[in-house]
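The form predicted alone is given below as one chain in structure tokens.
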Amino acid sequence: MDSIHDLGGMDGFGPVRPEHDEPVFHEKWEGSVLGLQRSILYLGLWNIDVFRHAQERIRPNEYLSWSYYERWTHTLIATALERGLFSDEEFRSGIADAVSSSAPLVPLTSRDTDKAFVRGNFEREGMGEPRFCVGDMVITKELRITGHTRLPRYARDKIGTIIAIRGRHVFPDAVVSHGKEDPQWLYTVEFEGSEIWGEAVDSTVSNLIDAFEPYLLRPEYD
């Protein structure tokens, strides 16, 4: 992701101040939003990548001024409207249209509650071997993208080393842009702290990032 939504490595927002004895929810309505989000994901109309991208389309001033669950609320409304769960008129009136064009949906019952809180498995089988091996040196691409990507800005055009191969997984970029899973090999890449944060960083620091194969190049040959 880009814009204000990719806060990693950005300066000027002040220190992180953890809240002592922070409650699970600050307001009761926040728990309702979590339940609603999980219930909608259970329907299978979109996955977490689509949900994340919807948050990335929130305007920067609103993204910074809204609370965590306020962003979730606006995201759920916008995505539900896009996917036809209800119309704009139904949303504004709070009254369901008696003649709905939406396809019948599988109801979420109390017996299925636990399933709604279990994230699906995004690993996929497929043909072909991974392009990189453990121990390979790689460089992340310098992406400039208006859609969705899981490669953060602070880790672009950086040299690292493959330390694990995690299998083939649904490629978030393709899900959001083309509506297809397009599974890709996923690697854990280790970067020296100085490569990410500069020479002033503690020499013992390193950073690990899970990166999909399309994000990676060989430093000298690609």
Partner chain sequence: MSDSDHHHSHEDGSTLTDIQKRVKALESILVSKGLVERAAIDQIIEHFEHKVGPHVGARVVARAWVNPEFKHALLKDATQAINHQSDFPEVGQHLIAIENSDSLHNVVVCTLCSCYPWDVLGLPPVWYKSAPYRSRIVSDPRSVLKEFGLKLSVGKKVRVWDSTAETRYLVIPQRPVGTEAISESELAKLVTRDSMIGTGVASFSAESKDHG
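Residue numbers count along the first chain shown, from 1. As the structure is a computational prediction, the values presented were derived from the model and not from experiment.
Heads up, the form predicted in complex with the partner chain isn't pictured, but that's what we're talking about next.
I'd like to check something about residue 180: if you look in the model of the complex, is any of its heavy atoms closer than or equal to 4.5 Å to a heavy atom of the partner chain? Heavy-atom contact with the partner chain at 4.5 Å: absent for residue 180.
When the contact criterion is heavy atoms within 4.5 Å, does residue 31 count as touching the partner chain in the model of the complex? Yes - in the model of the complex, heavy atoms of residue 31 and the partner chain come within 4.5 Å of each other.
The partner chain contact in the model of the complex: residue 76, any heavy atom under 4.5 Å: Within the cut-off, so yes.
Verify the contact flag for residue 152: yes if a non-hydrogen atom of it lies within 4.5 Å of a non-hydrogen atom of the partner chain in the model of the complex, no if not. Contact check for residue 152: yes, within 4.5 Å of the partner chain in the model of the complex.
For a quick check, can you give me the residues of 106-121 that have a heavy atom within 4.5 Å of the partner chain in the model of the complex? Residues within 4.5 Å: 107, 108, 109, 110, 113, 117, 118, 119, 121.
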